[in-house]
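Shown next are two forms of a single protein chain, provided one at a time as structure tokens under the names structure 1 and structure 2.
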Structure 1
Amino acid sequence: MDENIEKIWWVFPRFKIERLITGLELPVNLAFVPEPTDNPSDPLLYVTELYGKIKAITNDWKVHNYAESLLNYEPNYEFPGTGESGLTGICVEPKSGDLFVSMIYEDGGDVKNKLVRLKSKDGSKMDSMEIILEDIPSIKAAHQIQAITIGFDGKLYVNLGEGMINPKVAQDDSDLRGKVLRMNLDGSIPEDNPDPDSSVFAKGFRNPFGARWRKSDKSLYISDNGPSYDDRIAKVEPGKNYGWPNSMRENSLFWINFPEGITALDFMQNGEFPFGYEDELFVAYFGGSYVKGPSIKGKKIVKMKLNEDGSAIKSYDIFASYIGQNAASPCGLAFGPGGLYFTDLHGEKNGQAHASSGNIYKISSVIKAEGEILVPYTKENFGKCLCPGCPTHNECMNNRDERLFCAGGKTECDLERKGCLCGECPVESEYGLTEFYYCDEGAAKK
């Protein structure tokens, strides 16, 4: 872990944060290889840099220049403003390892959106480019083509901003802006789209930055930035209208009246955190551009628990927040091997100085990471545990849903030893444990 990193980021109890990569230039989104290998030189993830570069990061955490000069214009670093657009969305096609990437480009003085497919023989450097979608009007001020995902149906889903100038296009069925598109991987229109003659899957969006699929209900969830109010998260369903420019709340799952620049999002659904966080939604709140130090607006990652059908939010917590003194703020976010990874767009240096100081961080569970744990922290063991009936178990521990201390480690709550049930606990018996007061002494180790 970086020295004094606790002075830069606060993270949720029983988690740790580490900086894996630094020196990136405005890193936006990241995408993991769906099935990474054990070969140190094979790619693990890819990162888009806003001004036209893609970095490939291999299993040995070396950084490679996958692609450069993807933009055909010179950006100007103006934040907020014309410098905050460029190369944004990215996803990895599972079968081929090809990258789908979204960006804007200039065409005879006009600004337009484009989606391309990039191919590579070894995964570390681009060999060829194929245009999948282009010639859609855009603007150099965000509200451009954004997140790209591949659904459980194998189709390509693309978030398109409404271009800011004329928000009414989000309701125009003949215009692709302000929509989520659904296409075949070659850009053609699937026959089972809501309209078989259109790639529009859903409409009424403003600036839909992030997108991710939830396994438990096989549905797509997106983030959408409001104007001076109502950033939101929506579950995207075929043929639905999500209201913009008339409303940012129509058919939305969640909205926040004071906008905080919601960017990327992902679900914990592959065991990267302990089981208690299964299916929770993690969302990056970017906040304002070049705002230094802690801020009431953005500069944090939140976690939300949804109900089973994704129609409501059951809980909301701040999971990580920036407490340093610089312009750093989370932007891209994705679960990967052993934890939650996110990009820090500006980094610890002054972004206005055009310094390459963007970072990639990883947040991982201390429960899984520290020591040789004798007792697995599993749902089954959690259910067998007698800790809630223990006289020492107090209200603070109960509010944090803490138990199974012999696996999870000592509590962060203040406690007074009032007696212990460990000797009677099925978990202690099953694993042959001999200690007491794990809530005060930490996890059982070999």
Structure 2
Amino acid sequence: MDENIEKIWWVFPRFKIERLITGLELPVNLAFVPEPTDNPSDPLLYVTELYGKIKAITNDWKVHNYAESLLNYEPNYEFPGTGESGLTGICVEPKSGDLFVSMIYEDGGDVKNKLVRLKSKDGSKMDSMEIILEDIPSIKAAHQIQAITIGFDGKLYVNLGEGMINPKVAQDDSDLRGKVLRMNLDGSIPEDNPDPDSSVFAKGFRNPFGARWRKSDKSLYISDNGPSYDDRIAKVEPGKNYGWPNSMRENSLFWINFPEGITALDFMQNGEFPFGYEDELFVAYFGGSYVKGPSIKGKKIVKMKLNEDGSAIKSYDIFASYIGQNAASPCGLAFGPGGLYFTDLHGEKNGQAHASSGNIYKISSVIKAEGEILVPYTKENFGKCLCPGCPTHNECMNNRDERLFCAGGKTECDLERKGCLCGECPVESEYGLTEFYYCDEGAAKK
């Protein structure tokens, strides 16, 4: 769609970025349908637009106006400031395809949070709305109701910001602000909650924008934005206190002292990237709420490897970074078919956000590019590959654990050709290859 895309986005080696959709109005979060059909006109994903719209995107990548005018007030485009709030969290209920979305609303001059369930006959246009949760005090300054997820236990989990004005409410068990809530899908309180009379699941949060469930330990992970210090990521466990307003580090697995506006997060847990990235956590760092050009704050996506019990990280890399001249920045993020998708809230048009220039991008692995490469980059082929014993396979390639070049493409290490083992490799005979030196020449193509 944009031939100059690599001039505005840097992505990790062996990945590529493409713009799938543009012209969105402040796209905040995206949610994929858990089990999409093959029918081109059925929904594939949904996007919340901050000022009260939802777009449905069908399998044929057509964009539909699912819902409009969901806010009952006139938003003011003030970034940073009172323009940062609105319609944010979204998740798709797997059985019905209904949407749960979170937003703020005005009630006689007060600003409040609510969570609603939206129904649609064909998934492309909203037919009805049911209120699940409402009347929770809020503010037009980001610390509002945020991410919604459905857990492996089928319950609804909701991140609630503490509302900024009185952070102490995050410690008040009788107040829902500054909490992660756990509810039945109709909003009632499950009997097995930490307190069976309360929807509070965990407390002590500030502005927990993102949430995602990790398959490998069946746990919920959230992002939470600090004040002028400490953005963090935490594994949320029942009844635990996460410290705010005293601390942004309590029970957190990771924090950055210099805050970068951590927004959405997701795990690579359905084979969207090569197996070496399995279970890595990808996190959007939004940065300042409206900053033109590259910035030391945010405007990037990072990836991290967690330890087994999710109590700390083992590695950290920048995975994508905005290097263009405009106000673009990643906000929502989710793995979907064949890659990592993210929303770019402001996009490439200058002059505040009235321009409707928000985008959806996809980052995919070059290694996994379907249809072009002959040998699949699988764990099995990786195990059979003879490269590690090859005299051409040098220290650099060894340190990076690179092999299976016939599938993964050439190395970026400098190499001296000292012979090639490909000719007698079981992978080569299985796929009928006849060449040598894939580490230098690139992957075997169809």
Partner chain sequence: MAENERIVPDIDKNASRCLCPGCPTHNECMKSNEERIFCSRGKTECNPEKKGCLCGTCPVEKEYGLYDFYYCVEGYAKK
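Worth saying up front: this structure is predicted, and the values here are computed from it rather than measured. Here the rigid core means the biggest group of C-alpha atoms that line up within 1.5 Å when the two forms are laid on top of each other. Start at 1 and count along the sequence of structure 1; that gives the residue numbers used here.
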The same chain appears twice here, once per structure, so which copy is the form predicted together with the partner chain?
2
Would the C-alpha of R400 be classed as shifted by 2 Å or more between the two structures after rigid-core alignment?
yes
Aligning on the core only, does the CA of C422 end up 2 angstroms or more away between the two structures?
yes
Return yes or no for G432: a CA shift of at least 2 Å between the two structures, with the rigid core superposed?
yes
Once both forms share the same rigid core frame, by what distance in Å has the CA of C413 shifted between the two structures?
2.6
